[in-house]
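Quick heads-up: it's one chain on its own, the form predicted on its own, in structure tokens.
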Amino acid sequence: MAQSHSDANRIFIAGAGIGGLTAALCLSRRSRAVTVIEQASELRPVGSGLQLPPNTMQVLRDLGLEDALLPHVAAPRAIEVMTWRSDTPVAEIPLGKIAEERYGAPYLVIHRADLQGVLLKAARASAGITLRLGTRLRAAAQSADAIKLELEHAAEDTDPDTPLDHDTGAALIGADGVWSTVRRRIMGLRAAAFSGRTAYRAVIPASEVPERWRNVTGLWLGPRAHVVHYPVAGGERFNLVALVEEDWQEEAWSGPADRSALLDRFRDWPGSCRELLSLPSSWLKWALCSMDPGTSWVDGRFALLGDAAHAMLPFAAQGAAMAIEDAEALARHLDQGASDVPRALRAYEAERQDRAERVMRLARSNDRIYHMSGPLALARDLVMRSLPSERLLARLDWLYGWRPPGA
């Protein structure tokens, strides 16, 4: 039998990923009732590592999650930058205590599943958050005063004649990732597009990795490719990512990778890099998709957050960070403008869009810089060698030094 629920003040969030769960927690702290709709019936540990720079930690700390995160994170001493010609660093960007003193919060790295697990546990402990797993958003409409949603069970064996659930609330937030249903079907916006870049990812025991790499983030630059690696899972695991320019000729956007073909792609790189890439017995690959700046995130009582709003290349390590910053701003504006939800959502977009798009442009610039070859790469390396390490870090003060207003 179909169910119908009405709560004029409830905020609905599509997507129980990092952005969606963080938004739910930020809203719940401000006494807003929240329902999170998630198509998956179970949130399984998927994905690989991600970075939690100081701007991210400001929000997670304010949510009271830092202690819960600490067993799962690693704190790299620095970012060591090498090239495909040599394993001798051309630059070292200090992190650790230097970054924490500079920005007021640490620079950490974590496995995506561990971060999602901490957020999910906190959401389940919050009386103001309702989690509806195994639920698909079928349709949504809005009026001047409310939104109306049609929801269905997402299980493949669900009887197609099962009646839909109908819910009414104050706003619908699309935090449902790159392939956002809210973005494409509800708001009618252009979907993300393949960037011509593929990420090959693997996670292995840290005990298999040479000691040199266990307390740093490594970044290797080369023609049409680069490699990133760092410890995760409290230092017990090691995350490896190889990012290459290539065509994607497969129907699915992710899947198992050809290990031998990947290793052949890096056959001319330094031995220590090739040694790391040879450690995993298998790899997975993802097509990297992104959006162009300049599209709207808000339509009345509908709004987008994180990758659904501004999917970006991962070459600034800020995708999750921008979603978490979005979540804080969204909750703050909905709290301050509770009497006029559309206006509050427009204020959220006005605050966040320029910053998110600046990060999108940084990621695209890094793509070009990281993948240089020939004389341009030599010039790049010369400049990086000439700059003091703390000056390299200072160039990112605008990014890492962000704090929520009033913090």
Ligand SMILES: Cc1cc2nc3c(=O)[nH]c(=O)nc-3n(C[C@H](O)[C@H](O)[C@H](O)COP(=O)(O)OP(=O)(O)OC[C@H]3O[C@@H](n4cnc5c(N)ncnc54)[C@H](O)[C@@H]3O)c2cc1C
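Being a predicted model, the structure only gives us computed values, none of them experimental. Residue numbers run from 1 along the displayed sequence.
The form predicted in complex with the ligand is left out here; the points below concern that form.
The stretch that touches the ligand in the predicted complex, counting heavy atoms within 4.5 Å, is 135-143, out of 207-215, 276-284, 135-143, 82-90. Taking 60, 34, 50, 341 one by one, only a single residue has any non-hydrogen atom within 4.5 Å of the ligand in the predicted complex, and it is 50. Taking 201, 148, 237, 72 one by one, only a single residue has any non-hydrogen atom within 4.5 Å of the ligand in the predicted complex, and it is 201. By the criterion of a heavy atom within 4.5 Å, residue 76 is excluded from the residues contacting the ligand in the predicted complex. The shortest heavy atom separation between residue 169 and the ligand in the predicted complex exceeds 4.5 Å. Though the partner is left out of this view, residue 330 does not reach within 4.5 Å of the ligand in the predicted complex, counting heavy atoms only. Residue contact with the ligand in the predicted complex: residue 222 places no heavy atom within 4.5 Å of it. For the marked spot (65, 325 and 334), a heavy atom within 4.5 Å of the ligand in the predicted complex is absent from each of the three residues. Annotation for 173-201: interface residues with the ligand in the predicted complex are 175, 176, 177, 181, 201 [heavy atom within 4.5 Å].
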